[in-house]
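Before any questions on how it binds or moves, here is one chain, the form predicted alone, in structure tokens.
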């Protein structure tokens, strides 16, 4: 599934949730599934089991903290060339989905 299509699905689901046509738990499930789908870029380096091994753990974070940190990398406010490149490939909606997924690991 392309990232454009994923973003479109996320926006539609958010709209349905806001209109009361989709319950928030269903939206959370959809975000989790999207985050799991997108997580491969992250788990290529970060351990899904939460182990550090020289690369910080990204599991168990609060959703807001994860999104804020990823936005800071994308904007160049945090200094790590690889993370900046990775973060530029994701939208805010993608960060939200990844945050939901990793918060539950």
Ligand code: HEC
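Residue numbers count along the first chain shown, from 1. Since this is a predicted model, take the numbers as computed values, not measurements.
The same protein also exists as the form predicted together with the named molecule; that form is not shown, yet it is the one meant from here on.
Taking 80, 51, 77, 64 one by one, only a single residue has any non-hydrogen atom within 4.5 Å of the named molecule in the predicted bound form, and it is 80.
Taking non-hydrogen atoms only, residue 29 never approaches the named molecule to within 4.5 angstroms in the predicted bound form.
Although the partner is absent from this view, residue 58 contacts the named molecule in the predicted bound form, with a non-hydrogen atom inside 4.5 angstroms. When contacts are judged by a 4.5 Å heavy atom cut-off, residue 41 counts as touching the named molecule in the predicted bound form. In the predicted bound form, the named molecule lies farther than 4.5 Å from every heavy atom of residue 34.
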